[in-house]
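First, one chain by itself: the form predicted on its own, in structure tokens.
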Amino acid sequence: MSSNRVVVIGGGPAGLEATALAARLGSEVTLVEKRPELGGTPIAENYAALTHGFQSAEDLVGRLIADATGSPAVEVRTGAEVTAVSGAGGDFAVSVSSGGDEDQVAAGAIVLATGFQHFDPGRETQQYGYYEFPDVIALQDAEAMLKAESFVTPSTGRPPERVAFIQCVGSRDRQIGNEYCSKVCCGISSKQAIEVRQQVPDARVFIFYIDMRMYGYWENEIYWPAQEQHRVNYVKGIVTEILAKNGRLLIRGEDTTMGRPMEVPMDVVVLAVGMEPSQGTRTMADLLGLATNKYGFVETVHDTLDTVTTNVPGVFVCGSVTGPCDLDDAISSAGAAGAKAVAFLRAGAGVPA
């Protein structure tokens, strides 16, 4: 028996947008989120301002939550997980477990929006000392301090005098298998560098990079202002190791522009960690029988002409389920996934899409 319901798995920005659109188009929606609250990574990881517009992450995601949950056609289940799916497109039986209880939701289509996870910089090697030195942090750690308006040297609690960002940690790295660019790290580092300079005006801020990859409007909105207005120093170079020396961190590597070794003392080092498929994405892809690429992201039927339809009829994907993306791209793909899910239901019911 066909169902007019769409089950959206994942309550981050992409899942919220897909939910809101599917409901506006006339479908009933069940939104399943394993965390106790909606909002996804931007809320769970205490993001401050979003790249590129420096708008409050909490405010923007709050608008998405209000839009998704304001419809009577939407049922929200937080603290819940999809444990099994049977049936086929138009007639799925989705098992949802919550607090020890489990029931089945009849759905005609499924939208997967389970997102990404930050690369763990200590997983493969201790090259950068992420678990060894408290003053080596990752982008998400910096976000939390910036949101609290208290960017300090973790080991002392004092404002830092020198801050370094190291790019491409867990991205563009054949050695660990993540050969892809994570797309947003350059922009996020530049945004954070500006915020550090705003909160700690006396700090000197450096960004060590292989290549700076700014796409679209980010070049003029973030990259040049960081240098020209906020005096952020961009250094083309390779950092090979971080050591503790005289109560500070010592960055060692090569200045590739000058072609010479470098040793630079820092108080805080921020690792620009890349994006990987979340465990939820990997688990759900396996459970649903979705095709994935060698990195674990879900493949779609066409990487240009149809970026949200999967190899399983009735299952659609959006956001960083298919690969690294920024929030703009996540929202756009979520709209497409929500619309295609509803079109799939209408086609099955004999209603013109």
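All residue numbers refer to positions in the sequence shown, first residue = 1. If you're wondering where the values come from, they're calculated on a predicted model, not measured in any experiment.
Absent from the display: the form predicted together with a further copy of the same chain. The rest refers to it.
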Exactly one stretch in 249-257, 146-154, 114-122, 93-101 has heavy atoms within 4.5 Å of a further copy of the same chain in the model of the complex; which is it? 249-257
The one residue among I43, V312, A48, L60 placing a heavy atom within 4.5 Å of a further copy of the same chain in the model of the complex is L60
Taking any heavy atom pair closer than or equal to 4.5 Å as contact, tell me whether G289 reaches a further copy of the same chain in the model of the complex. no
Contact flag, E37 vs a further copy of the same chain in the model of the complex, heavy atom cut 4.5 Å: no
Find out whether any non-hydrogen atom of V105 is located within 4.5 angstroms of a further copy of the same chain in the model of the complex, and reply yes or no. no
Contact between N220 and a further copy of the same chain in the model of the complex at 4.5 Å, heavy atoms? yes
Would a further copy of the same chain be touched by all three of V85, R197 and Q279 in the model of the complex, meaning a heavy atom each within 4.5 Å? no
Going through 177-205, which residues have a heavy atom within 4.5 Å of a further copy of the same chain in the model of the complex? Please give them in sequence order. E179, Y180, C181, K183
